[in-house]
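This document starts with one chain, in the form predicted on its own, laid out as structure tokens.
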């Protein structure tokens, strides 16, 4: 890490994250509830996790400890994509374990789970930790996307942990990483290893949440970062009064990021993938809806606007999904023949003859760049839909629609579109006060679960819309959150991703306002993340969380 640091980093280094009251006392214990079970697929999951199935929910409370206070050796690993606050999770683990026994050693595995497999790690000292407090990124120990699931990888971890005499391992990651942590915990327990495994819920996508886990860390910071940028664009749109801005946001499997940013900024259009899937909306209907808003605004002299779209939208559009399924079958049989065609028009003509009439029309209506992407396959044989620039796809199709309407004399709209993608800008931002506090609390609580000799748990902190004094920390058995899904052609245990629920308070609030937002200039300009100032400016949770918990006003003050 560079010795040169910014004025903000100097100021943030002095920030002391807030903790739940029970974790501040120094005397804590872990209370265990009744045995648990998953909501579905109970027999299959019990068969796969015989050693860790049915464990009780854990709650951390004040009291004389029933926790290990002897010197320990605990590892930590960052898994998957970056999310603001990861360093504070590690700092919370470090501070909690050192407070329990100053001789405890904490090790950081390097470059993700691969570091566990290869035995690559470094001891984390106060000199290292202090440089990264309240900073964004995962650069303290770096991250990676390896999975510990092959027999030889599990065996390698077992051997490395035994050599290190490791008491515990905290895996910081999303739903797949926490599932992987549960599989590792089950394997280690079956081998009589003393290494306990605890997961921490991380993802800016916001799709790792349930009754036990109120929010994944990083979502708050990322959506505030994106909302600042969208707010800036809203201001620019009303200043230049001549551009339509199409903004694509990260979030492949769920639309939580797009919806939250819409709640914070009030764009003219926000597409929610889950609603489009539920209604069976076609690509043509989406284009017609956007064009209709463009035309109506133009009739009022407003040839500008803002559209927000989640990057995963194509997977939820009924006719695109059907067309992709057909394409996959065709490529499964004729991929070599199709790839040997040097002319794209020849490929389109051949595929049009193989696809059903409707799918052929959908495919031929797409821009050439999108058609080419849909002919590719990733290492798992799937269409790399993340490479589809959804905002460009919509811009091209809406432009064609507007030109068609103008040719028929049905509108005089001036449509000048600009495309934007906000993704990596939000993953390593300085964590908001909320994420700084939340992540530090998650890390501090994870350390107590390790000290309690628990394994196969994901740590949680609840009551998040209240003051930190009222936050409640504990742990959820991962087996309680699992269900069976088909992955790579076979049933696989996974933590179910939480999609946007159409009957939820956040979506209902959006739904009740979107017609007004579409035609009016109701934009909100949230500005940058605030680290200093009144609590309602600095410490407010996301609109999503506030609305879900009935905690009063949305973060925009409405």
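These figures come from a predicted structure and were not determined experimentally. Numbering follows the first chain given and starts at 1.
Omitted here: the form predicted in complex with a small molecule. The next part is about that form.
The putative spot formed by 80, 205 and 427 is fully lined by the small molecule in the predicted complex; each residue has a non-hydrogen atom within 4.5 angstroms of it. Although the partner is absent here, residue 377 lies well away from the small molecule in the predicted complex, with no heavy atom inside 4.5 Å. Although the partner is absent here, residue 311 sits close enough that one of its heavy atoms falls within 4.5 Å of the small molecule in the predicted complex. Heavy atoms of residue 98 never reach within 4.5 Å of the small molecule in the predicted complex, leaving it off the interface.
In the predicted complex, the small molecule lies within 4.5 Å of some heavy atom of residue 250.
Stretch 196 to 204 is the answer when you ask which of 455 to 463, 196 to 204, 412 to 420, 399 to 407 has residues with heavy atoms within 4.5 Å of the small molecule in the predicted complex. Shown without its partner, this chain lists 361, 296, 145, 122 as candidates; in the predicted complex, only 145 has a non-hydrogen atom within 4.5 angstroms of the small molecule.
Among the residues 349, 386, 238, 210, the one placing a heavy atom within 4.5 Å of the small molecule in the predicted complex is 386.
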